[in-house]
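Next comes just one chain, in structure tokens: the form predicted on its own.
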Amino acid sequence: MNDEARVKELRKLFPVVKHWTYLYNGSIHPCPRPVGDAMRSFLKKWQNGGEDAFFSAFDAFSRLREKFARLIHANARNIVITESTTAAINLAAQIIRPRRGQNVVVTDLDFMTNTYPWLVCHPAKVRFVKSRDGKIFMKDLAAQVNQRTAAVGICAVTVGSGFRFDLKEVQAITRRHHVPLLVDAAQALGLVDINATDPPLDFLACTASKWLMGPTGVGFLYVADRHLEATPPSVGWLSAANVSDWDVRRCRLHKDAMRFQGGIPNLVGVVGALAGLELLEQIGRKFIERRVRQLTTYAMEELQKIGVDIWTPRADAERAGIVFFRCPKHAELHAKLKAAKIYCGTFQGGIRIDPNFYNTIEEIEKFLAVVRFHLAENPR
């Protein structure tokens, strides 16, 4: 089966295509049928069986840890299930615990989740690496890191411009100063192959939604071995290796990342997240990456002909699934797109699209037609 025939079949898994030309998959990904089916099945078991439904869902929790680990070429012992990327980043920040007099290095292309925990909850000074032409240059990043740096936090693929970091180059900078590296992979995993052990990362945070096609309300944090003896900022019964002893006087923490787990996770979300990862495995990440590259390259080439200000880097190695551009009266353009039942994003004075494998060239053309019409009415 060729790619076009395969996409035609895969589109049947996405009811959203009957209602929208949906091009914002790196934001809230539309629910695939297998994910919705898995969650509804669990809810029915819970309705009819109460606690009896817990045991199969808790098995799904264990399998989800394994699949998250496999996704980043790591071990399940290093995975903590969280409710979001935000929760994962905050947990990593609490494990690092920067002190007054230290600094934390982030970039101006980061999402708020990547900067707010450091700005609000910790005493270290926050240093921002300034972007240039939608990119972060390694010499600019290196200039901000010194012996007082407590951590460096980056988005593997940035939310705004879609710039993709070379993690080996970043890790080489942090390694020189023995600085922990925290990577937000929410805009990358599912498209980009990230190996958390090569180069060795300290922390990696991600959601089960977006490119992983699961629901919101579930995420994970990878914690490298060297941080697994840290005292958890909060604990619960799942944190304890001796939980079966029912000993309220003694808590013997797990020696792996389960010590950071706390209590029962969002089980309906866990079941959905597992179904999303199983769907990803069935389709194949390489196929998805190839298909998304085809769609985004076509969109960028045509947008360049139209004459908008493309903020996403052109080189394949410097981008993944996001295309962001600026144009006159972008809010009006966004309203026109929505009126035409084309779903995309708007912020920072521009428009963002994130086509996924089930989208088509015809859908990109439908989007481009509205952009062309808008630019004809609002020339630069």
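From 1 onward, residues are counted along the sequence shown. The model shown is predicted, which means the values in this text are computed figures rather than measured ones.
Not on display, but discussed next: the form predicted together with a small molecule.
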Residue 159 near the small molecule in the predicted bound form, any heavy atom under 4.5 Å? yes
Is residue 155 close enough to touch the small molecule in the predicted bound form, meaning at least one heavy atom pair within 4.5 Å? yes
At the 4.5 Å heavy atom threshold, is residue 86 in contact with the small molecule in the predicted bound form? yes
Consider residue 202 of the chain shown here, and say whether it contacts the small molecule in the predicted bound form, taking contact as heavy atoms within 4.5 Å. no
Among the candidate stretches 178-186, 125-133, 284-292, 298-306, which one is within 4.5 Å of the small molecule in the predicted bound form when only heavy atoms are counted? 178-186
Indicate whether the candidate residues 113, 207 and 210 are all in contact with the small molecule in the predicted bound form, with contact defined as any heavy atom within 4.5 Å. yes
